[in-house]
Every structure is written in C-alpha cells, then in structure tokens.
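The form predicted on its own is given below as one chain in structure tokens.
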Amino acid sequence: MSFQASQDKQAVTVIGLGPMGTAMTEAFLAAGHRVTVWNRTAAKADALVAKGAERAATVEEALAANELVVLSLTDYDAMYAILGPATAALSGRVLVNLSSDTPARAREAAAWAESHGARHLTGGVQVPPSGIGSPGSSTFYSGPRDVFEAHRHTLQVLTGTDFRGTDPGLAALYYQLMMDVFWTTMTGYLHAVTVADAHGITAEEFLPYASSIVASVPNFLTFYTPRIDAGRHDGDVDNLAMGAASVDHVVHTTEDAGVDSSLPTAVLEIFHRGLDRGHAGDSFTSLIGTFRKPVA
C-alpha cells in the first residue's frame, strides 16, 4: 500500500526508523505528508519507501530535504553521533527531538542545536508505537513557543500535543516523571505476580485483583494531592507506622514464598528512614521529606 502526498501538507524528515520512527513515518504518510527518511541501517527504510517515503542517501541529504526534522533515536548520544558530523546542514532546521533522555541533556541539546542555527523542540511521547496516530495519545513538548505553534498541526498527526513550557527540559522532565510512576508500578506488579506464582496462582487468576488495586490509585492521588501541595501530612487517614508494618508483612510473605525480597525490602528501608525522622504518626506522604536530599 502506498500513500499519496498532499501538496498542502508540510513535508517532514524522519531520522531513526526503529519501531517508533517507523510508526511515525507511516502516520505522516497516511495523513498525506511527503516524508523523507534516513536510518543508519538503510534497509530499514525499504518497506517505508514502498509505501511512498523518500529515502535520503546521507544525513546531510535528509536534513536538506525539509525544514521540519523529527528525531526518533535511542537517546541524545545517538543524536550527537548522527548529527555531529553534519552540523553544517543544521542551519534553518527545526529539530523535534522525540528521543528519550534527561531534562539537563535536553537543555544542552537545545543550546547545541541553536549554536548551529537550528531550533530545538523537546518531545516526550507517552505511548508505544501502537499508539501513534491515535486521537487519545499524547506527547509532551517544550521549547520555543513560536516553533511549537508553527508546527503543532503537523505534530498532531502523531499524537495529541501537550505543550509544557519554553524550558527545553520540561518535556523530558514530565516524561521521566511518568516513567518513574510507570516502571515503579509495573515492577511492583511483576513482583506480586512472582509471589502469586510461587503459590500456584497464575497471572490470569491474579489479573482482576491487580486491576482493582491499580484502579483505586487515582482516588488516592486525588485525595493526597491538595494535602501534599499544602505541606500537610496529617496522620488522620493513615500513618507511617501502620504502613511500615504492612510493608514488613509483604517482605515476610515474599521470603516465605522463596522469592527475592529486595524490592519490598527497599521500600521498607525507606519507611524506616521516615520513622527514624520522627514521622511514625504522620501520613506515609511525609516520606517526601525522606526522599529530598538535605540542603548543603
């Protein structure tokens, strides 16, 4: 199947054709955009070229093809490795960097791009490749507001757009905050599945109960958020001593099952640090103070 490019749609270059870059290219093509692609392994472009994409022979050629350049790479090191030798071709380009990295590195990359005459938009895609092109999907963006507004319509072909501000690091920050919650939650789920399996309970049998506890989390977030913002950690609903006892039971249940207990033990250690700071009667949300590093 090939897609017909529309003359009134902005042309785009996509650099990096892993699963995400491939999905993005297909979404642009389906929406009628002319797309130039480049990948270090040139053969990865074959299927996209068959669908109507234009293959660039070099990075310089890919950059020269269009003002709007979408980067879908492993991290910012990959960006420097690919674009570093081609800095003479960066002038006048808009780099929409959808690679994952830290807020500090996003700020450094924005300054680097600007030093070579390019504008840089940081992006944090909140969905896997299968979510690209879905109206309910979203991507964080940050950087120059005028650049974002000029290209928002084109970027909305990929996902919804959530502009977080002009600081180039903000999109990366919000993305990493989401990953902090996601990976911590999913690792906890895998640990619970392992303990369940040790008792002959399958993941399928455990699924409705795991789903139930996860579904209850938004209610807890809604309840605790205004208290956290107000600096209140009242122990009227929960307290840290009770929480520590609960986590201690999880640790012993894990050990009794012959399962690695390092994950809940790490959580228990954090709770104990809060107790040592005198927060036994306060809410577990007082652990925010434990996580903060003391000011030098």
Ligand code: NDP
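Quick caveat: nothing in here was measured; it's all calculated off a predicted structure. Start at 1 with the first residue shown and count on from there.
The same protein also exists as the form predicted in complex with this ligand; that form is not shown, yet it is the one meant from here on.
- Although the partner is absent here, P19 sits close enough that one of its heavy atoms falls within 4.5 Å of this ligand in the predicted complex.
- Under a 4.5 angstroms non-hydrogen atom cutoff, this ligand in the predicted complex lacks L207 among its neighbouring residues.
- The shortest heavy atom separation between Y175 and this ligand in the predicted complex is within 4.5 Å.
- For S137, no non-hydrogen atom is located within 4.5 Å of this ligand in the predicted complex, even though that partner is not displayed.
- This chain lacks the partner; the member of A109, L155, A171, L98 within 4.5 angstroms of this ligand in the predicted complex by a non-hydrogen atom is L98.
- Only one of T185, S211, T102, T74 lies close to this ligand in the predicted complex, with a heavy atom inside 4.5 Å, and it is T74.
- Listed stretches are 161 to 169, 128 to 136, 114 to 122, 211 to 219; the contact stretch with this ligand in the predicted complex is 128 to 136, by a heavy atom cutoff of 4.5 Å.
- Shown without its partner, the chain has N39, R40, T41, K44 in segment 28 to 61 as residues with a non-hydrogen atom within 4.5 angstroms of this ligand in the predicted complex.
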